[in-house]
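To begin, one chain is listed below as structure tokens, in the form predicted on its own.
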């Protein structure tokens, strides 16, 4: 008898398509079906720490901004603790540490407000620098892209970060560093994600 596994083929990949927003962030398309849409609030009202805004664009190889991008955000709180059942006693009530944001349909700009995360434990007793994990999907991206956002005012921690330190050649690490602007009412970190070309963002195989 033939082994049925011999007939199995790899499932064809497919990009996120233009309908990812309808399914995951319907209110941004004018469809109001949820009282509390999943992924809108990363921190909750009780989170301690410095409140910040992160903004940027996702750029293609020609430098044009993608306007149908969805980004999922995952981070620790200001004490470097992720929202997880095992950490229920050390994470503020309402802190999710996860959210969704989409690019503006006209400009391609995306942004979200959160608290600046603390450093988190690494392997073998090491300490990872404060960072935010990002997952990017859009038309033309067959498999979601994973990257990290580090902060330019955390130079000492960044230099010792075990993940950032493995990015080679070293000059590419700059593509993972967000730049701080204190000119407004709230600190803003700018982080443009480049899919190809000069200054291409480092993506991680997770």
Partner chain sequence: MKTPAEFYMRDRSIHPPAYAPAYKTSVARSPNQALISLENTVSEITGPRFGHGDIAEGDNDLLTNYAAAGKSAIGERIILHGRVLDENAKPVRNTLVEVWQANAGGRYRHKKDTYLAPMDPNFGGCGRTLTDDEGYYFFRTVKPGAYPWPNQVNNWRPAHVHFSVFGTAFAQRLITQCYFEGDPLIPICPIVQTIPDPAAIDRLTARLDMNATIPFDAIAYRFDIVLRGRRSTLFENRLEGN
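As the structure is a prediction and not an experimental result, all values here were calculated from the model. Positions refer to the first chain, counted from 1.
Another form exists, predicted together with its partner chain; not displayed. Remarks below refer to it.
Of the listed stretches (46-54, 59-67, 177-185, 151-159), which one has a non-hydrogen atom within 4.5 Å of its partner chain in the model of the complex?
This holds for exactly one stretch, 59-67.
Since only the chain is shown here, I'm wondering whether residue 139 would be in contact with its partner chain in the model of the complex (any heavy atom pair within 4.5 Å).
Yes, residue 139 lies within 4.5 Å of its partner chain in the model of the complex.
Would residue 112 count as a contact of its partner chain in the model of the complex, using a 4.5 angstroms cut-off between non-hydrogen atoms?
Result no; residue 112 lies far from its partner chain in the model of the complex.
Does any heavy atom of residue 121 come within 4.5 Å of a heavy atom of its partner chain in the model of the complex?
Yes, residue 121 lies within 4.5 Å of its partner chain in the model of the complex.
Give a yes/no on whether residue 101 approaches its partner chain to within 4.5 Å in the model of the complex, heavy atoms considered.
Judged by the heavy-atom cut-off of 4.5 Å, residue 101 is well away from its partner chain in the model of the complex.
Suppose contact means any heavy atom within 4.5 Å; which members of 167-203 contact its partner chain in the model of the complex?
Going through 167-203 in order - heavy atoms within 4.5 Å of its partner chain in the model of the complex - the hits are 167, 168, 172, 195, 196, 197, 200, 202, 203.
So the CA-CA distance for residue 161 and residue 88 moves by at least 3 angstroms in the model of the complex. Closer or farther than here?
Note: Cα gap between residue 161 and residue 88 shrinks in the model of the complex.
A 3 angstroms or greater change in CA distance between residue 89 and residue 79 is reported in the model of the complex. Closer or farther than in this form?
It is closer: in the model of the complex, the C-alpha atoms of residue 89 and residue 79 lie at least 3 Å nearer than they do here.
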